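For reference, the chain that follows is the form predicted on its own, supplied as structure tokens.
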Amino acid sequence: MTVHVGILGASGYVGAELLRLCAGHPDLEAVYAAASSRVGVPVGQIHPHLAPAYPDLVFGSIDDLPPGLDLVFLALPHGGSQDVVPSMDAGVVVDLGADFRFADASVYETWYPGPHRAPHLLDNFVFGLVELFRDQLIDATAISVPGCYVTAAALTIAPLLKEGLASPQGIVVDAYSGVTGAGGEPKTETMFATVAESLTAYGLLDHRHTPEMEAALTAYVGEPVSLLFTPHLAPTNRGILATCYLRPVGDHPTEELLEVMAGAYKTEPFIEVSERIPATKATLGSNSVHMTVRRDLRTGWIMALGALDNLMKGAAGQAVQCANLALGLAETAGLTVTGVYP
């Protein structure tokens, strides 16, 4: 089957990745790419790597999205989707921003500026963390894809909480992201001269992915989860590495924790659990998450690590995975489990 796809925000990093994935997908055909600041510009001029796949596609306006598309991806800045979703005419809508990730508008308004402009639509959206909420995504028509940090940390932590091996309280998530996680808009803090040869933390105590992690894990585990999250900017283009610290419940050695984690994901095509220490480089260009876990008998902590490509499993890849499920396609269609190395 041919699925006609529109992409709003197609000039950014995530939009480009969505176009690339559609070009290699057996069923998805990108027929409209919107970027209001680039209207009339050929896609290949902004994304030269996509020129062979889209020789005739030019950027259109977000306001001129054709009606009746089978699938629309929204890769807009946070806040942008609220203005377009209410009037959108599409079979399936997949939003990669934060606008519809929270069921409660007050949570959004606590962590993001201004009131939510489409609170009546929040209940329509399913949270697109596939491995935790797959059943809800089948035949869904409105999907909100989680953030990259949330995907890495929540998937790494979830099995340990679900099986009662670790406390849902007092979790610490220490994570690092490549600069593409900040988007393509020029900013002093993401310039080469600022980022190169440097590591820095940001969003101390108030990063917006904190409540998202807590909400996703609480919904999955069935009891309140609280955590402290500190993100860091690393001098790399892509990748997320999350190191998560949890207090154990009971006396469970590393071997048992690994067995539980591997068992939880044994049928998941995009989850790789092993004793190997995860590296972002190994996930580059793939839709995979690599993870491991250790129990430190000396301090008593459990340490769980997860790595992924923030533009793939952390954004565009996961969005396509969600769309595949919603449309009744093979979940793995157009996606790869293997990274590009070196």
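In this text, residue numbers run from 1 along the sequence as written. Fair warning: this is a prediction, and the values are worked out from it, not measured in the lab.
Missing here is the form predicted together with another copy of the chain; even so, the following discussion is about that form.
The three marked residues, 51, 280 and 337, each reach another copy of the chain in the predicted bound form, with a heavy atom inside 4.5 Å.
Contact with another copy of the chain, judged by heavy atoms within 4.5 Å in the predicted bound form, is confined among 154 to 162, 175 to 183, 120 to 128, 73 to 81 to 175 to 183. This chain is drawn without another copy of the chain; in the predicted bound form, the residue among 35, 28, 291, 311 with a heavy atom within 4.5 Å of it is 311. Of the residues given (195, 260, 88, 137), 195 alone sits with a heavy atom within 4.5 Å of another copy of the chain in the predicted bound form.
In the predicted bound form, another copy of the chain sits beyond 4.5 Å of every heavy atom of residue 63.
A residue is said to contact a partner when one of its heavy atoms sits within 4.5 Å of a partner heavy atom; residue 141 fails this definition for another copy of the chain in the predicted bound form, lying far away. The closest heavy atom approach of residue 101 to another copy of the chain in the predicted bound form falls outside 4.5 Å. Although the partner is absent here, residue 241 lies within 4.5 Å of another copy of the chain in the predicted bound form, judged by heavy atoms. Scanning 225 to 243 for heavy atoms within 4.5 Å of another copy of the chain in the predicted bound form gives 226, 227, 228, 230, 232, 234, 235, 236, 237, 238, 239, 241, 243 in sequence order.
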